[in-house]
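There is one chain below, alone, in C-alpha cells, taken in the form predicted alone.
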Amino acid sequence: MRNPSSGFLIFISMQFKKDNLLTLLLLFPGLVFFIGLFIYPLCITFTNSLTISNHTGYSLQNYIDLLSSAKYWNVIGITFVLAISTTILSVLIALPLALILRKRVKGHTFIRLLILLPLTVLALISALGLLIVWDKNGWVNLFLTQVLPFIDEPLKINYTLYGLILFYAWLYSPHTILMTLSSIEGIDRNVEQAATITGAKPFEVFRYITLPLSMSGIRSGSVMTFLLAFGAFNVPLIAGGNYRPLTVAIYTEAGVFNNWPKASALAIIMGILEIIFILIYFKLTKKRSAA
C-alpha cells in the first residue's frame, strides 16, 4: 500500500515542475531577445576588440593603444564633462520646477506639456532646430541684441562646449524632471505639515523631509539623463564642432577609417566607464539619502 505522504510529495514535485516549465516558457521570448540583441552583440564586440588589425590573432593591443593615447583620454574627458554637466543641470532645473508644479499653479498643464516636448521630437531634428534658433542670426540672438541694450554682439552657442551642454539639457533633462515630479507629488503633505507644526522652517522641511523622500525619483531620473547624455550621438555629430565624445569617436573609427577592432575596444571601454560611474553614483547618493 502506497504511503499517503509519498503520494503528496510526488504531487508537489509534479506541480513544481509544471510551474517551472510554465515560467520558462513565459521567459523564453524575453531570453531570446536578451541573448540575441544584447549578449550576442556584446560578445562579438568584445571578441572584435581583441582582434589584431591584420586579423592574425588576438591581443590587448587595441586597449593599450587607446588608454595610452592623450587624444582618447581627452575624448573620454569631454564625454564625462558633457554627461555630468547635463545631469547636474537637469537636477537643478527639476527640483524647483517640481516643487512649483506640485502646487498646481496656473498654467501647470501647459508647463507639463512643454516638458514633454523634447521627448516627442527626434534628437536629429531637435539638434538642427537648436542650431537654427541659437545661430548668430537666430531668434534668440536677434531678441538679445535688439531688445536688451546691454548685449551688443550675438552669443556664440553653436559648436561650443556650453552649447552642447545646453542642447543636451534641452533633450535629456525631461527624464529627471518627470521622475522628480512624480516622486515629489507622491510625498504625503501631512508629513511636511507635521514638521512645520513642530517648528521646522521651510528650508528644514525641504532638507530633512522633502529631499530625502524624493531621492529615489531624483536618482532614477538623473541616471536616465546621464546614460542618454553619455551615449548621445546625433547632437554632438551635428552640433559638436571640435568637441567629439566617445560615440562620435567610435563612429569615426568604424565608419570613416573602417577600423572595427579599435572601434569595438572603444565601445567596450565606454560601457565599462558607464557601469563604474553609475555604481559610484548610486553608492554616493545612497549614503547621502541615508544621512
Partner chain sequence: MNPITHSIRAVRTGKKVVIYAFLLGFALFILSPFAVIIVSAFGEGWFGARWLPESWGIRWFQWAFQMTDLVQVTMNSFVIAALTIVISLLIGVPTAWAIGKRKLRAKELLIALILLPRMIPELTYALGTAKIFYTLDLINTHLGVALAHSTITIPYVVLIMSATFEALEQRVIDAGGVCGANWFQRFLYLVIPMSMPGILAAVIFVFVTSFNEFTLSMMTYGPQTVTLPIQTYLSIGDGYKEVASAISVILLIPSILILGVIVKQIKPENLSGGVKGL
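Residue numbers count along the first chain shown, from 1. Bear in mind that the values here come from a model prediction, so they are computed numbers and not experimental data.
Keep in mind the form predicted together with its partner chain is missing from the figure; the text below concerns it.
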Partner-free chain; cross-checking its partner chain in the predicted bound form, the single residue of V81, I100, L161, I151 with a heavy atom within 4.5 Å is I100
- Task: Report yes if all three of Y63, A70 and I88 come within 4.5 Å of its partner chain in the predicted bound form by some heavy atom, otherwise no.
- Result: no
Proximity of G77 to its partner chain in the predicted bound form, heavy atoms at 4.5 Å: no
I'd like to know whether I52 contacts its partner chain in the predicted bound form, with contact meaning heavy atoms within 4.5 angstroms.
no
Legend entry - Proximity of Y58 to its partner chain in the predicted bound form, heavy atoms at 4.5 Å: no
Test of understanding: in the predicted bound form, would Y281 fall inside 4.5 Å of its partner chain by heavy atoms? no
Those residues of 116 to 135 with a non-hydrogen atom no more than 4.5 Å from its partner chain in the predicted bound form are L116, L117, P118, L119, T120, V121, L122, L124, I125, S126, L128, G129, L130, I132, V133, W134
